[in-house]
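Listed next as structure tokens: two forms of one protein chain, kept apart as structure 1 and structure 2.
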Structure 1
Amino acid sequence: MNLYTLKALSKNYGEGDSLVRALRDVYLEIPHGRFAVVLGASGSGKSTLLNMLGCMDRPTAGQILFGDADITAYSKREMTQFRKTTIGFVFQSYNLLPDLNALENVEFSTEMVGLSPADAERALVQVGLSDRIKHFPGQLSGGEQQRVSIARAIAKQPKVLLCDEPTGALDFETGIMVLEVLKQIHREQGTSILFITHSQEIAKIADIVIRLRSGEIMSVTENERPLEPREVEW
């Protein structure tokens, strides 16, 4: 069974002369347990697609199946519950609370889904921050803050991680470290990952590359040998 199945998915913004067709009649199957990159230039529809897949917005037309569940038919409450229990989000901005330390930032997220403080600490250990759990965001580097946001996303053991340009604000070395953490999570936990990027090089680490242009799927290809992050030349 596929992780996601998209059928004639479309998303429009505005109307009349200001109408923007962000997604256009998209058909797509994303297998379970894969590291998939959605690749495209700015304005190609990448973030709009992620918003649909994460139940943060509704499509104008079409259907999204998560497994065999039609998430486009969910009520507002069901969409919220789906986001809380099933999806982990990692964005370019870290969205950490400045007055909470790393552990408390992760705990703030896990408490909402009924997990224990041990789950939060375990997630920070997984992303290599066992010695930084009491540090506040202002005491952490950009890469460390992004790893806290990844820990926050994985602490609830989501079925899929949706990552929107999480290395976009990072330098090369720090970005590589973040990619390594994501690859490790995928490899060791089998978590499905959808990673949005405009970088052709980052796409080389993926199992599957989905190319978007002007809201349409241009191609879906598989990398015969996905690269390790250290092999990527930015």
Structure 2
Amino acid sequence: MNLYTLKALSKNYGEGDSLVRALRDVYLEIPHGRFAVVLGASGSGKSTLLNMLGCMDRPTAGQILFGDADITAYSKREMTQFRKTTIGFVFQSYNLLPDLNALENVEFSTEMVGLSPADAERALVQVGLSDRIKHFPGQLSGGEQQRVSIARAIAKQPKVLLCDEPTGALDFETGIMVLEVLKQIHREQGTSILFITHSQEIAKIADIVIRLRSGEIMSVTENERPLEPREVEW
């Protein structure tokens, strides 16, 4: 059984003359336990696709099956529950809560699913931030903030990590560090990862590369030998 099965998925914004068709009749299967990259230029519909997969938005038409559950038929409450227990999000702009320190940001997520503060701390150790747990987002560098964001996403042990250009706002070295963390999590915990990027180079680290253009799937390819983050350059 696939992790995700997308059937005739479409998403439109606006109406009339200002209608934007962000996703057009997308059919896609994403297997379990893979590191998949969704590759496309700006405006190709990558983030829209991610939003649909993470129950962050509703499609205009079509169906998304998560396993055999039709998440497009979920009620608002079920969608919230799905996001809370099943999905971990990593955003390009980190989106940490500025009023909470690193540990508290992670705890905010773990408490919701009934995990202990120790789980939050363990996640921060895993992303290499054990010495920065009491720091507030404003006191952390971009890379550190993104690692807190990853810790927040993985601490609740989600089935899927949805990453929306997590290296987009980072310099090369920091970006590599973030990719390594994600790779490590994928490897050690077997978490499925969907990673959005516009970088052909970053796509080389994935198991599967899904190419998107103007809201349509252009190709789905498998990398025979996914590269390690240190092997790519952009």
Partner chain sequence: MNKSIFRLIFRKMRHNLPQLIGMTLLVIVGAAFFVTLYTIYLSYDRQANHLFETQGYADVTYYGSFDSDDLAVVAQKEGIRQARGRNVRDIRDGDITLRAVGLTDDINTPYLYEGVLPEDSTQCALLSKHARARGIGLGDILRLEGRRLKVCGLVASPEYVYMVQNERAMMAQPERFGVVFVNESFFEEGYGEIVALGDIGKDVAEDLGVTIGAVKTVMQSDQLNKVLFREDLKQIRTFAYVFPLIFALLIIMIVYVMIKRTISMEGRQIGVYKALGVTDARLLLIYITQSAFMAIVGGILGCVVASLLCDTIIGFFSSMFEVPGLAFTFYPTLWGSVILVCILICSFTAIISVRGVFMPMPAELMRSRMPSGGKQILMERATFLWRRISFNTRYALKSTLRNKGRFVAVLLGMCGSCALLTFALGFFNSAEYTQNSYFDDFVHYDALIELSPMPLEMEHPVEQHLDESSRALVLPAVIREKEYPLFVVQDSFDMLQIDTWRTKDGLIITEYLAQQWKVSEGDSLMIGDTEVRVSGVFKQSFGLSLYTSYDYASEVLSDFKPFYNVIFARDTDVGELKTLSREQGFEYATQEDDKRSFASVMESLNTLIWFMLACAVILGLTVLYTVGLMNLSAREYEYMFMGVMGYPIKSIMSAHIKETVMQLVLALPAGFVLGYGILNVVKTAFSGDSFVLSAAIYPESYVYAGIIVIVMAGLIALVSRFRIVRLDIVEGLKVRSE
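The first residue in the sequence of structure 1 is number 1, and each one after it adds one. Just so you know, these numbers come straight off a predicted model, no measurement behind them. So that the term is clear: the rigid core is the largest set of C-alpha atoms that superpose within 1.5 Å between two forms.
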task: Go through 1 and 2 and tell me the one that is the form predicted in complex with the partner chain.
output: 2
message: Once the core is aligned, does Ala73 move its Cα by at least 2 Å between the two structures?
response: no
statement: Here the CA of Pro98, compared between the two structures on the core, is shifted in angstrom by 2.7
